[in-house]
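Here's a solo chain for you in structure tokens, the form predicted alone.
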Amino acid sequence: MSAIQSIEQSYTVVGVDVSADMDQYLTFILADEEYGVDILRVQEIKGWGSVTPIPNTPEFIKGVINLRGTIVPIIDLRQRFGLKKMEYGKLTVVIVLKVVCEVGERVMGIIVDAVSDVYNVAEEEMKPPPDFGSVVSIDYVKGLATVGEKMVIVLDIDHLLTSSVYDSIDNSAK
């Protein structure tokens, strides 16, 4: 095997060997469950701070922040999922993500209970989400990853954070 083939098959990220057939996911906690998002979509992780509320938006849209000149909508993921509200604490963070939508790329933030870890997940460790029929919508679940002895729910952030969220933001700006 040549050196070029070897480089193409694996690369090192912060001292961790990652094979070409592996993806990395940043995981976070919401209501004692662990969720993951593609680490390549993560732009920044910020501690919880104040936001500027936007009138006439759904309750899960907490407002916007100015992040180095970019206006970033902030979504409370607990409320988006219909989970019980919680007071924001020392571990509460905003994960700033790059989201792909109909109009191109946008930057959005999600409020989560805490950041957990970064996992390397091989393709064979990612399973499709279970089919609950029309009773439960799993459109925003990309898959379930087995990491050690636990399951991580990997989210499709593009699907989760588009359509109704953007419509709400765009309509409130008019």
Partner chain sequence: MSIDMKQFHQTFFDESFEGLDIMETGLLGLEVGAADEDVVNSIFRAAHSIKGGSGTFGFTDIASFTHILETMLDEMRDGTRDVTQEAVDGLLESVDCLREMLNAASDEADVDKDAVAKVQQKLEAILNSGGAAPAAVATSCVSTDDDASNINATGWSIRFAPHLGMLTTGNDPARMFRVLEELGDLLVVADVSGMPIYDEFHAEDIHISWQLTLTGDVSHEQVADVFEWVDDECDLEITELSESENLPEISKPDEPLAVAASNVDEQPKSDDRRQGDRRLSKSSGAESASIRVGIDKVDDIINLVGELVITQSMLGQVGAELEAEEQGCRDAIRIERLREGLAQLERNTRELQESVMRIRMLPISFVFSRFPRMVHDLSSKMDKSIELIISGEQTELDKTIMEKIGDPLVHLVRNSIDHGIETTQERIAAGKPETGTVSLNAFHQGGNIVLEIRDDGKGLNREKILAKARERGLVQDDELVPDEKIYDLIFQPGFSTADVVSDVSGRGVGMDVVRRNIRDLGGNVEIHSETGVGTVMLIRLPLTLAILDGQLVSVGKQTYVVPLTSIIESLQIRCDQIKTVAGQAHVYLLRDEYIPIIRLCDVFDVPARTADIDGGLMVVVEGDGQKAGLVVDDLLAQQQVVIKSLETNFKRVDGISGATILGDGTVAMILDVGGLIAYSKSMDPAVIRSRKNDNEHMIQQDRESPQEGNEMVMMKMNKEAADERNTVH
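What you are looking at is a predicted structure, and each value in this text was computed from that prediction instead of being measured. Residue numbers count along the first chain shown, from 1.
Keep in mind that the form predicted in complex with the partner chain is missing from the display, and what follows is about it.
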| query | finding |
| --- | --- |
| Location of the partner chain contact in the predicted complex, chosen stretch of 142-150, 34-42, 118-126, 104-112 [non-hydrogen atom, 4.5 Å] | 104-112 |
| Partner contact for residue 91 in the predicted complex: the partner chain, 4.5 angstroms, heavy atom | no |
| Residue 49, heavy atom within 4.5 angstroms of the partner chain in the predicted complex | no |
| 4.5 Å heavy atom contact, residue 130 and the partner chain in the predicted complex | no |
| is_contact(residue 86, the partner chain) in the predicted complex, heavy atom dist at most 4.5 Å | yes |
| Residues within 4.5 Å of the partner chain in the predicted complex, restricted to 71-85 and counted by heavy atom | 71, 72, 73, 78, 84, 85 |
